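Shown next as structure tokens: one chain only, the form predicted on its own.
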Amino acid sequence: MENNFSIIVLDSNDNSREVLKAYLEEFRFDAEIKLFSDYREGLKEIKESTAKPVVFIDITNCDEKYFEIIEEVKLFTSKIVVTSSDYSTNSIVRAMRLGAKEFLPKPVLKDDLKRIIGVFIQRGEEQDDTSSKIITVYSNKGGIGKTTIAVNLALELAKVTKDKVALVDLNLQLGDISTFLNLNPPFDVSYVIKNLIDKKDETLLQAFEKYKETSMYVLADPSYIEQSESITPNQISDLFKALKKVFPYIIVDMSSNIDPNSLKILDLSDWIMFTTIVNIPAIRNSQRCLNLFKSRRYPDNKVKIIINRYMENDEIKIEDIETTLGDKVYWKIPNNYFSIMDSINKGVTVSEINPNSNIANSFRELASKVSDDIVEMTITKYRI
């Protein structure tokens, strides 16, 4: 393994810079180390680097300019570590949403620093598949609106994070994502599984259709039903492994069936956005499905209950649903039939139809919450 790379430290504290340098030299990573107290000078060096450096940015004072620097640095390297002696979750979440991949509390511990540098060396230019998240939108009953949620969540997540988001249609027989977005992709899930899983990341990315001028990439369901019949759970697993090397976020839409492929998708998902509506039959069906999840010993924080088509004056209250299901509702999406139907009929997302509508705002806020919660889960590794 070749360790020839550069490390750039942006920190206004003289002692902190020298401590980092001493640790890094002790590790003997064969890295060129450059220290800057002036963040703009450091940014200039990053822009001129021939290889993508590992960059440490101290944000202790939470100055707005530090966050602006992170946004600019992200254009030149993904290997960004923020450090801070202020453990304010809000500032760290913001930094990581803007592009930082790791956080180190100050004073920096030598073992933590060595681990992070080692991760970047092993990772190279690939996406860190341990940080990639598979978020599956699921309902065990048809007609609940899970495809609408998957499509709009994926787009808003791409906007919020400014990262690549894969929207994957694994409703293998009756997928609708291409129709919802008025797309005619040249490739589909079946083709990718059979031909591209072992190819380079760039080749895999080309099989997706980029949605307009966004960072959302769409992979369609199989063109013919008979193609879906040959897809196996092991192939689903291989597909996810390949996607996690390319995409920080993978949003999956799937069928309502419970079959081997569906169970594999659910088992491998980091989060399940379990979607239901407020009526007695739907809630009873939800109980049965949540019992299935418990029988498969899913972690408590894996399943997030989403209430779709929510109305404040519903006879059944959210508290009643939470009591019945034995879990908190993660998010409520308001009922806005006309905006949803208009977006589906025109083949665009809700925010493109009416960006100021209550439902467009709800999807934006949901994407922000999902992003923040994922970042906060990452931060808990670092003793905050």
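Note that residue numbering begins at 1 and tracks the sequence as displayed. None of these values were measured; they are calculated from a predicted model.
The following text describes the form predicted in complex with a small molecule, which does not appear among the structures shown.
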remark   = Contact with the small molecule in the predicted complex, heavy atom within 4.5 Å, among 143, 281, 186, 260 goes to 143
remark   = Assert contact residue (the small molecule, in the predicted complex, non-hydrogen atom within 4.5 Å, options 304, 309, 94, 164) equals 309
query = Exactly one stretch in 146-154, 96-104, 237-245, 74-82 has heavy atoms within 4.5 Å of the small molecule in the predicted complex; which is it?
reply = 146-154
task = Look up in the predicted complex whether residue 195 has a non-hydrogen atom within 4.5 angstroms of the small molecule, and give yes or no.
result = no
query = Even though the small molecule is not shown here, does residue 334 get within 4.5 Å of it in the predicted complex, heavy atoms only?
reply = yes
key: Contact of residue 120 with the small molecule in the predicted complex (heavy atom, 4.5 Å)   = no
message = in the predicted complex, does residue 62 come within 4.5 Å of the small molecule, counting heavy atoms only?
response = no
